[in-house]
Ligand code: HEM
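The data below hold one chain only, encoded as structure tokens and taken in the form predicted alone.
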């Protein structure tokens, strides 16, 4: 077994802030609008920071270090179906693309929320053509559809982490807390 330092504090803290912020925003949406809005701004800020960190951050945090061709994703998924996925120092090929899908979806969720707020005369888009473009009902519908897409992606992400952890013997949630990943090497027969 090899132990490596992989996730820097910005990645780890950002990951858990996103998870917590999205959960709070989702649970507070209809009842506690002030909390919902602030949680949404938190998610927006973390997503923007993570996108920037993906360009200039530590090597494992950079998008170019974990975005692999779709052929690598297909190969990884076939290995997973054969119950023999290899371990990766950082994200596996499917996980790398899931990071991008989640970040882009959460960015769109928060922007549609800000646009919805703008239709009500509040927030940075109040009184702008962007807010007026779809109107309150239109932006609310976009926001809801994107939120549901984010929920599906989160569920797939959690399932993927559980499956990868089981078949590789790695404790991926623990590595997102500690920043240290234990990679189990397989003996060749």
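Residue numbers count along the first chain shown, from 1. Computed from a predicted structure; not experimentally measured.
The same protein has a further form, the form predicted in complex with protoporphyrin IX containing FE (HEM), not shown here; the description that follows concerns it.
- Residues with any non-hydrogen atom within 4.5 angstroms of protoporphyrin IX containing FE (HEM) in the predicted complex fall in just one of 32-40, 151-159, 119-127, 138-146: 151-159.
- For residue 24, no non-hydrogen atom is located within 4.5 Å of protoporphyrin IX containing FE (HEM) in the predicted complex, even though that partner is not displayed.
- At a distance threshold of 4.5 angstroms between non-hydrogen atoms, residue 111 is out of contact with protoporphyrin IX containing FE (HEM) in the predicted complex.
- When contacts are judged by a 4.5 Å heavy atom cut-off, residue 90 counts as touching protoporphyrin IX containing FE (HEM) in the predicted complex.
- With a 4.5 Å cutoff on heavy atoms, residue 173 counts as touching protoporphyrin IX containing FE (HEM) in the predicted complex.
- Along 36-56, a non-hydrogen atom within 4.5 Å of protoporphyrin IX containing FE (HEM) in the predicted complex is carried only by 50.
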